[in-house]
Each structure stands twice: as structure tokens, then as C-alpha cells.
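There is one chain below, alone, in C-alpha cells, taken in the form predicted on its own.
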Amino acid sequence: MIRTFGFKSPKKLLAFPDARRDHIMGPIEAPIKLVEYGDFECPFCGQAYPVVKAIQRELGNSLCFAYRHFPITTVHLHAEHAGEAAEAAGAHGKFWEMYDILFQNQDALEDEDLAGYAAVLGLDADRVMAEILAGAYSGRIREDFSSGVRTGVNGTPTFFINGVRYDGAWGLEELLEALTRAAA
């Protein structure tokens, strides 16, 4: 039986976070799993970013959070390179540090900004930029994007709670309530 946690419409299901491929924060066995399909240049994702951070603080080890790329490149011209910068940082164990920097600096996502962020994280900025320009991580970005399309993602941010798409408001109170209900 599929639990929809009181959501209004039928929901598409999503595979749970996979520790072998997804970037996750929190224990993979946590009772609450939140997956976000996002775009580093999307202003709505920027508004959701502090909400997700607050939820992570509130729920602690009860939450497994995964971020998947869904760059809307027709509108956000820097989103794909920003995602690749996060992946390049992730190859050196610094995905979440780059994730934070990118969302905290959404108005500065030009390639030279990305190189600067890589340097701040202690990464070889020239190497990171060479990887981005060569599209070294574009396959990973496309893989996330395609998985989003298959599960009905058509905008950002899109959240899935315990595998079920959440279409409610993503303010702190609303999203926290939906996550708490999902755990019950």
C-alpha cells in the first residue's frame, strides 16, 4: 500500500536515496528520507535552502537528505556549470561545502566565481574548471535530471518524502509537518 501522508493528489514514486550514488546527509537508514531536485541558480531553490538546513538541524539523525541536480538551463544559464562544480568538489569529498557556497552565492555563478569557490575549498581551481569545461560531470547531471523527469519533476525545487512526491508548501512549518507525518 502506498502512503500519501495526506497529500491531495496521486503521487509519483521515487527510489530512495542510494548511498553509493547520491550525495546524502544523515544516516541512510533514517526513518525520514527527503530528496530534493534542485537548481543552484533557481531563486526558489535559494529560498528553500535555509528551510532544508533548518529541517536538518531540527530532525538530526532522523533525516536522510539527498540532493539531485535538475538544472533548468533554458532559464538558468549558469546552473549546469554550478552543478558540475558541486560534483567536482564532491569528487574530493567536498560536495556539501560547495553546495552551501553555491546557494549562499546564487548571484555569482560565473565560471570565474566557481573557480574562486573551488580555491576557497582548497581544491585545484584550474583542475576543477578544466573538468567543468570538459563536461566531466555532465553525465551525472543528466542522470539526475533524467531520473527527475521520469518521476514527474517539472520544476524546482521538487521534494520527495519517503519516496512520495510532495507538492505542498515548502515553508519550514509546512515541510516539517509533512516530514513528521511521514515518520509516524
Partner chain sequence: MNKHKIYEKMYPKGLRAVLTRGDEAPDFSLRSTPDQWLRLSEFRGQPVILAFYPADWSPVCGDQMTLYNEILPEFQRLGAALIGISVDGVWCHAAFAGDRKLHFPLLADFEPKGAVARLYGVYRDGDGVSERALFVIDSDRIIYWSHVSPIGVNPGAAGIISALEELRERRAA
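Residue numbers count along the first chain shown, from 1. All figures in this text were calculated on a predicted structure; none of them were measured in a lab.
Not on display, but discussed next: the form predicted in complex with its partner chain.
- The candidate stretches are 61-69, 22-30, 120-128, 41-49, and the one lying within 4.5 Å of its partner chain in the predicted bound form by heavy atoms is 41-49.
- Taking the partner from elsewhere, residue 150 is found to have a heavy atom lying within 4.5 Å of its partner chain in the predicted bound form.
- In the predicted bound form, residue 137 stays away from its partner chain, with no heavy atom inside 4.5 Å.
- Taking non-hydrogen atoms only, residue 104 never approaches its partner chain to within 4.5 angstroms in the predicted bound form.
- Put simply, residue 94 is far from its partner chain in the predicted bound form: not one heavy atom of it is within 4.5 Å.
- Of the residues in 145-165, those that come within 4.5 Å of its partner chain in the predicted bound form through at least one heavy atom are, in sequence order, 145, 146, 149, 150, 151, 152, 153, 154, 155, 156, 165.
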